[in-house]
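The data below hold one chain only, encoded as structure tokens and taken in the form predicted alone.
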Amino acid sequence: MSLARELRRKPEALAGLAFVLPMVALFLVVRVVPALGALYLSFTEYSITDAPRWVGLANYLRLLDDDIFRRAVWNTVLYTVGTVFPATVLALVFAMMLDQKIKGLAVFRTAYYIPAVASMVTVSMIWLYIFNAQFGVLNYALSLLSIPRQGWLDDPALALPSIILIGIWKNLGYNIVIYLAGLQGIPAHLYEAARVDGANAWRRFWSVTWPLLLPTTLLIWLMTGIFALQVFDQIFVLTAGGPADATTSVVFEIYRNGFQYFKMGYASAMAFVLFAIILTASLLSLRLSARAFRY
């Protein structure tokens, strides 16, 4: 049955279409058209002041020989792996603790969620003082333990782990809330049945809690991973990609090439490489998780 005949037969379908069309049009204008424009620019040489000049795949081929871009991709992967897995494990542990009936539960839940709603720029400014090599709280704590002061953001070996630490802290509250929702959706009778069968707490976790939390874990991996692959704010505020490109990321290189060097075509090519990485990682994660859900 054609769409026109369906609309004539069901007036409510026409009303629904009238509600949907403005949002579809807005999505096309705000999302799809700019994305197609960026895709076109990725095949051009464009510096804002001059008209775009078609160069084909030259920008993409140039990325293969760009040492800074390869370093940015490697740093982004390290940041993603270093953020996603610790933030997931810690969130599960804290969520299980906060799922108990304890006094001041609302206060604890609010405290853990505050980093998730705080501005990343504001958070980064706070961490800038914490990591300060001369006056930072972290180095003061180390001095009390007779441990030498560290240049957290100035040392190439420590700068990226410091950025990763902020990412874990930032994502922890958001992941805890999602895990709490997952935990509260597990039927209580499954735990009661496991207790009747003599299962201890560890066995109940592996046989009941963890299998039923796999979809929640997949959601957290995907969301945290996608956000991590686009890391920018804390790098821009804290290190500007340094020292010696030790903390530069793909998005930061897109910003630097696009808005500092005005290489819009080259920056657009970087953006679509990042898009391909995110799409591949998401599809791979969904495929692997689909096998794990067969319980």
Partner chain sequence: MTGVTGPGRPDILVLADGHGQHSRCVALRPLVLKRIGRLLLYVVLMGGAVVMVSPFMWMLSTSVTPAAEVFAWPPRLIPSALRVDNYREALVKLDFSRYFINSLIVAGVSTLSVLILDSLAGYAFARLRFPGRGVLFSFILGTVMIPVQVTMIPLFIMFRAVPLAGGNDLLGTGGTGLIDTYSALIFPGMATTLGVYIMREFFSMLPPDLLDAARIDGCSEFQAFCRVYLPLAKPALATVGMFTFTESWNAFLWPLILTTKPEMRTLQLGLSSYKDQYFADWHLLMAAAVITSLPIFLIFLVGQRQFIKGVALSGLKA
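Note that the rigid core is defined as the largest set of C-alphas that superpose within 1.5 Å between two forms. Numbering follows the first chain given and starts at 1. Here the structure is a predicted model, which means the values were calculated and not measured.
This protein has a second form, the form predicted together with the partner chain, left out of what is shown; the following refers to that one.
Novice: Heavy atom to heavy atom, is A281 within 4.5 Å of the partner chain in the model of the complex?
Specialist: Answer no; every heavy atom of A281 is more than 4.5 Å from the partner chain in the model of the complex.
Novice: Can any non-hydrogen atom of W74 be found within 4.5 angstroms of the partner chain in the model of the complex?
Specialist: Because no heavy atom of W74 falls inside 4.5 Å of the partner chain in the model of the complex, the answer is no.
Novice: With the cut-off set at 4.5 Å between non-hydrogen atoms, does Y79 touch the partner chain in the model of the complex?
Specialist: So Y79 does not count as contacting the partner chain.
Novice: Classify F85 as contacting or not contacting the partner chain in the model of the complex by the rule of any non-hydrogen atom within 4.5 angstroms, answering yes or no.
Specialist: It does not: once the partner chain is placed as it appears in the model of the complex, F85 has no heavy atom within 4.5 Å of it.
Novice: Give a yes or no on whether each residue among W152, Y191 and R287 has a heavy atom within 4.5 Å of the partner chain in the model of the complex.
Specialist: No, the whole trio is out of contact, none within 4.5 Å by any heavy atom.
Novice: Among L218, V89, L183, M125, which has at least one heavy atom within 4.5 Å of the partner chain in the model of the complex?
Specialist: The residue in contact is M125.
Novice: Give, in sequence order, every residue of 134-160 that has a heavy atom within 4.5 Å of the partner chain in the model of the complex, or say none if there are no such residues.
Specialist: Stretch hits, in order: Q134, F135, G136, V137, N139, Y140, S143, R149.
Novice: After the core is matched up, is the C-alpha of A25 off by 2 Å or more between the shown form and the other one?
Specialist: Yes, because once the rigid core is superposed, the C-alpha of A25 moves 2 Å or more between the shown form and the other one.
Novice: Indicate whether A276 shows a C-alpha shift of 2 Å or more between the shown form and the other one, with the rigid core used for the fit.
Specialist: Result for A276: no, shift under 2 Å.
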